Each structure stands twice: as structure tokens, then as C-alpha cells.
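First, one chain by itself: the form predicted on its own, in C-alpha cells.
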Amino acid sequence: MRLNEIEQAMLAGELGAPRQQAIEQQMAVGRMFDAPDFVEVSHVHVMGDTESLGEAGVAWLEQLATAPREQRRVRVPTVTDPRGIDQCAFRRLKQPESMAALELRAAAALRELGVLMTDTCINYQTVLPPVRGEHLAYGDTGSTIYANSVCGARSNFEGGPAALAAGLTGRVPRYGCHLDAGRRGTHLFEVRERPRNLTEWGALGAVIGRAAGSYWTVPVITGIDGSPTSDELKHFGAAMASWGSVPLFHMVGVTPEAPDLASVLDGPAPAATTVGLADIEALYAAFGRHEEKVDVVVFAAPQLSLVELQQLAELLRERRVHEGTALLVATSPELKAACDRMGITETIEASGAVLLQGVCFYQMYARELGVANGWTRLLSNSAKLVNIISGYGYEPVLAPMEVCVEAAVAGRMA
């Protein structure tokens, strides 16, 4: 890889051991993907939940944090993905003190590195939305696909150590979505019927992601008349990334790089795969129903926007969650504070639901949560969550928000 003077100084250790370690790791990644050089990034989004880090990962962060201040501080704004513990609610969820203590240690070390503890996967909706052409280093799949596709920014999926390395060096290897060639459409999907709610948008993303099925594919979607909302595209992209490892899509007439079909394709258009409501219904059916009992209803993955939280509050107003069912809702700390101020938190929690901040369910030691609380049968409106959570010992079912709320109140699906 070609290195400029600053990168050579980092590699030589002239800017401290943390940056030297970081650029060595990045060069190994760059060589693997045939990156010719580095590209500077303007900001970073790093995963830092302790279920992923473990004791060894937290100790590594603490070791980095002992370096002299000028050597350890990130070079560009760096924010965090959801964490594993809500310090205000973990006892209520029967999470042990040891988990909370490990989270506090990780947060303290990250702050010493200059990381902003935003604790959100919807950073593009709350704290730092990207702009077209901006090079980034994003660690969450949902935030990466939104930044690439909806905003027209440029980022690969950067795992936790890779994203932190980008924060320390201010750059990433130039490959994949950072290249014009890596952003050209490879597969064409024609949507026959427009999704009717957020869950259907997520299901549509899951169907297309599963069909694309590769990090190196770039689906191009036609047939969507009129711009979807931010929340609709959020659920669509997050599910596509989860089901297909896809970091980028183009929606013709909607996303910024796709004013028309020709703009995102090289040569003739490939044969189109049609997708309709029948495919969405088939995805629903694959998860079945919980007619006997619902243990836990979860609204998360991605965290909810302020609009989604208001809608949920109205569905729960003057109602009570069944005593045998838990209802968990996750959002960012900034939006939790807004909900507190606007009375949304009061309405949601008056029903018996728990509004969590700075976490996402599958990053909260989900298996241990299920064992501690006796949860197996899970219901969610998130196509991303139901794809992930069965690996943690749950039996998930996918349903729209309204159906989820009715089941939470009744304790079972109607």
C-alpha cells in the first residue's frame, strides 16, 4: 500500500503505539482487499458493547487508554453503537452487577480515547447524519447501509477493532464502497406492490437481501413511486444488511446516486427479479405465530425514532401490558431525553413497558436475558431482529407494531 508522510510516521511509531498498532491492522486489511492506499474519513461509528468485547476486549481498551493523551485520542469525531447495559434499567431486567460493571469500565476507557458515547445505531437520525460523498468508517450494518444508500456517503462494514483503528488514524483502506466501481449495481429487483408499514418495508429488505446474498452485490430497486420515509428506509436497509450482508442499495428515483436506472449500471440492465406482497407474506409465514403465549415483545434493531416512539405511545395509551408478557423498547439516549421531556416516556411506561436507552436487544446479552426472565417466545416488528435472535435461544415471530402491541396487552397473538 502507498503511504503518505503522516501514515509513514504512524507506522514508524512516531505518533505513539496506539496509532502504530491501528495502522498495522489497517494495512493487513488493505492488503487482503488489494487496497492501493488509504482514504481519509470524516467520522467513525464504533461498536463497543461488552458482549462482543468481553473481558479481554475491555482490558485492551484500558491498555490503549494508558498511553499519553496526545497519542491515544481519536483523530476524527468517533461515536458509539448501542451498548449492552442500560445502567438505569439492568436490575429490573435481572442483569447482574458484573455486566454493568464491565460496561462502565468499557465506557470509561472509550472516553479516555476521546470517543463520544452516543450509544446509538440511528446516529444518522439523531447525532451526525452523513452527506453525499463523505468517506466514513461505520461499524453497524444498519447504519452503514443507510449512510451508503440513503445519504450517498461511503463506508464499508468496519468491525469494532477496525472502526476504532479508523478513529485513531483518521483513515481506512480504499476498497469496496469507497470506490466508484464498488458502488455499481449488480442485481435488479422490481417491486410490484409498495409496502404498507414499517414491518413490510423490513420484510421487503429481508427478501431482497436474502436473494442478493453477498457483501459484494449491490441491489438496484425499481417500482417504488414516491420517496419512502426515513424510518421506512431504515427498516428496509437494516433488514437487507442483516439477511444478505449487503452494505449498499440503489432505489431508482429515490436514493441520491440513482436518478435513473442507467446511472447505477454498467451496460445493459440484468434480468429483473420481481418482488411483491406474496413474498412478504411468505416471510411472515416462515416465522409462524405465538397463539398460546408471548413471553416478550421487543421494539429494537434498529432503535426507534422519535416518530416511532410517539406512535407506540399512542397505541399503549391507557392500556396495560399483560402480567405474563414483557414489552421492551430501545432508543438512543438523546431521544430518550426528548421522550422524557415530551411525556412519551410516561405514556409508554404507564403501560408496564420498559423504555431503554443506549442499548439494542441482541447486544444486551440476549441469551442470558432470556434465561434469567424465562423468555423464549418473542414477538417483534423488526425483520432484522427476528433474523438474529433465534441464535440466542428465542422463537421469534414477525408482526406489525399494532399486532405486537395487541399481543403484549393480551399476552398472546389474537
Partner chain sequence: MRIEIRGHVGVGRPASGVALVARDNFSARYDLDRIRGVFSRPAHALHGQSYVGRVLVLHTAKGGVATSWMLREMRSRDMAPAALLLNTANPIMAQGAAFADLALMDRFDVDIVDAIRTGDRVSVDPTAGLVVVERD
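Bear in mind that the values here come from a model prediction, so they are computed numbers and not experimental data. Residue numbers count along the first chain shown, from 1.
Just so you know, the form predicted in complex with the partner chain exists too; it's not on screen, but the next bit is about it.
- Contact check for V207, Y284 and F299: none of the three has a heavy atom within 4.5 Å of the partner chain in the model of the complex.
- Although the partner is absent here, Q20 sits far enough away that none of its heavy atoms falls within 4.5 Å of the partner chain in the model of the complex.
- Looking at G358, you'd find every heavy atom of it more than 4.5 angstroms from the partner chain in the model of the complex.
- Looking at G159, you'd find a heavy atom of it within 4.5 angstroms of the partner chain in the model of the complex.
- Among heavy atoms of W375, none comes within 4.5 Å of the partner chain in the model of the complex.
- S245 is the sole member of Q87, S245, S230, T273 with a non-hydrogen atom lying within 4.5 angstroms of the partner chain in the model of the complex.
- The stretch that touches the partner chain in the model of the complex, counting heavy atoms within 4.5 Å, is 361-369, out of 36-44, 361-369, 65-73, 343-351.
- In the model of the complex, the residues of 33-58 lying within 4.5 Å of the partner chain by at least one heavy atom are, in order, F33, D34, M47, G48, D49, E51, S52, L53, G54, A56.
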